[in-house]
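Laid out below as structure tokens are two forms of one and the same protein chain, each shown alone and named structure 1 and structure 2.
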Structure 1
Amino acid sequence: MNYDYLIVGAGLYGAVFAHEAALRGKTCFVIDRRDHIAGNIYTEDVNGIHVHRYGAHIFHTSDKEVWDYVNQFADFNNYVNSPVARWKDELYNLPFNMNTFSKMWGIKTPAEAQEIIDKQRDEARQSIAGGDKDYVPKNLEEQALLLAGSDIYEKLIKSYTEKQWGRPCTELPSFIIRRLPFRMIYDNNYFNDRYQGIPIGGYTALIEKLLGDTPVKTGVDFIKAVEDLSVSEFGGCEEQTPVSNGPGWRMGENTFSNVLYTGLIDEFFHFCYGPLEYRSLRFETEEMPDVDNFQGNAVVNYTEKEIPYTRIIEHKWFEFGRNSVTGEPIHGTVVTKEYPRTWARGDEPYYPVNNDKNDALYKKYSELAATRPNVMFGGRLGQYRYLDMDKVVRLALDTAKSQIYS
């Protein structure tokens, strides 16, 4: 059979595109390297608890069109993301708000908190820039000190960030933390977006509904399974750039007119310019049938350097500790420790390392990708940037509009 689209990746981007294509009479075939659909938002039922296998995912957006769109496929609960940070034996609410400041400094009013923050900011500006108010921070450490002061930086930012990115804050770009939120109110809601929640029954069910009757095959490595009919060798740099209007692609007995690729853009071209950098993660999940409440919160961040993991997730609290079908309290619990690590080929890439070096390298791959008119590159790995879920949906809808609707 000849399909209009081969969609590489059964995550949110690929599923939204497949749904929109099917609505307009286009034929799609979806493949994924993993043994399941839903990509990084995959959730699996463990004793009635929907476990986020690849880390916590909370859907949040201020885009009403996107919110209305995803609500076609799932009912969302009213979960509000309110993580807690643990530094040694001290617990602090996130994001930085009056609960955080009150615990840190023993103060009660916004004026008291602001006075301390302003004093520490001024001290940092004097130390870093000689008091220059127009000074532009050169790295994340300088940016954090100028925004948050020394206490918050040392306890809640420095070691957590260095664990996450695997390098000192002095070697990280300032933009990572440029929008650090400060609230002079008692409000632990991490996000400022108008809409927020988690699909009742988990994300996997949402992706299943998006995919509908579209054929899906998991456990398939695109690079190994697909032959480009337009050139003798798949991929390549300038000297191997494919013919612009080749006859398509083949996988087994099926052929495809177009490809939507949501994998690593550098891998698509066999890393011909060299690999882009990513950060990976290792997850250590433990079922605790005899423990009903391990930490009292869905997410607790560990901000001291002596602890190797960045956070512990207790999955049952994403759905308030109750079975999503029966509504009954769930006995036992499941927790996951999240360990950041350096990415190497063959590992799962989770976070693009967007700095000047990698952005310049991605630009070369992006320019090469533009020479393949029958291939679209989408999503976090295909476009080499960190994307929240609502932005993934928006980009997939926009891609479908430009490619299918016209």
Structure 2
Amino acid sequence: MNYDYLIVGAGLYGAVFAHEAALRGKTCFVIDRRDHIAGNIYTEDVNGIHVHRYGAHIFHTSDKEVWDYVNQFADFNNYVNSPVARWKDELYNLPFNMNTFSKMWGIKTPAEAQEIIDKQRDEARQSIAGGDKDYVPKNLEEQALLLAGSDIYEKLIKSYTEKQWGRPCTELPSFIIRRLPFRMIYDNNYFNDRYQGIPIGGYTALIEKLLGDTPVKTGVDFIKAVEDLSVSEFGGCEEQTPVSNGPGWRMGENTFSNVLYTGLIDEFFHFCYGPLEYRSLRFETEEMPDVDNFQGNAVVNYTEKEIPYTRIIEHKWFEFGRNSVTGEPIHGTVVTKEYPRTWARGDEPYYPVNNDKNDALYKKYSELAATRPNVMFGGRLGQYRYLDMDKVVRLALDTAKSQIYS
């Protein structure tokens, strides 16, 4: 059979695109290298607890269309992410807000907090920029010191960030820290977005619904299994000579007119310009049948240098400790420690490392990608961007609109 689209990667981007294509009468076939669908938002049921196997995922957005869209496929609970940060024996609320400041400095009012923050910001501005008010921070350390001052930076940002990204804050882009709100009210909601929650029944069920009747084959590696019929030689950075106008791709007996590729863009081109950098994670998950409440919160960040993991997730609290079907309290718990690490070929990539060097390399790959009219690149890995889930849905919907309607 000839399909309109071969979708490489059964994650959120691929599933949204598959759904939109199917709605408009296009045929799709989805493959994924892993042995399951849902990519990094995969959740697995362990004694009634939806375990986020590849790290915590909390859906949040201010894009009403995206929120209404995902709500067609799942009911979302009203979980609000309020992580706690642990620095040595001290516990602080996140994001940086009046609860954090009150604990850090023993103050009560916003005016008292503001005075301390202003003083520390001024000191930072003086030492970094000689007092220049229009100074644009050059890296994450400068951005954090100018935004939050030295106490917050030293206790809650520096080591956590360096553990997560594996390099000094002076070598990281400032936009990473701008993800975090900074508030002068007592409000522990980690996100500023209007809508937030976790799909009841888990993310895997949401992806299953999006995929609907679209055929899916897991455990299939695109690079090994699929042959490009439309050019004389697949892969590499050389100009490729078109050899056919027919279906561009083949896998076994099936052919495909187009490919939507959501894997690593550099791998698609056989790393011909050299590899892009990614951060990977190692997860250590422990089932604790005799413990009902391990840490009292879904997410606890460990912000000190001496502890090698960045956070511990206690999955049951994403669903208020209750079985999402029966509503009964769940006994026992499951916790996951998250250890960041350098990505090497064969590891799961989680975060693109968007520094100048990698962004320039990505640009070369994306220029090469533009010379392949029957291949689209999407998602965090295909577009080499630190995308939240709502942005993934938005981009997949926009791509579907422009590709499928045209």
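All residue numbers here follow the sequence of structure 1, with the first residue given the number 1. Rigid core here is just the name for the largest C-alpha set that superposes within 1.5 Å across the two forms. None of these values were measured; they are calculated from a predicted model.
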Eyeball the pair and call it: which is the form predicted together with uridine-5'-diphosphate (UDP)? 2
So, superposing on the core, is the move of H270 at the CA at least 2 angstroms between structure 1 and structure 2? no
So, does R179 move by 2 Å or more at the CA between structure 1 and structure 2, with the core held fixed? yes
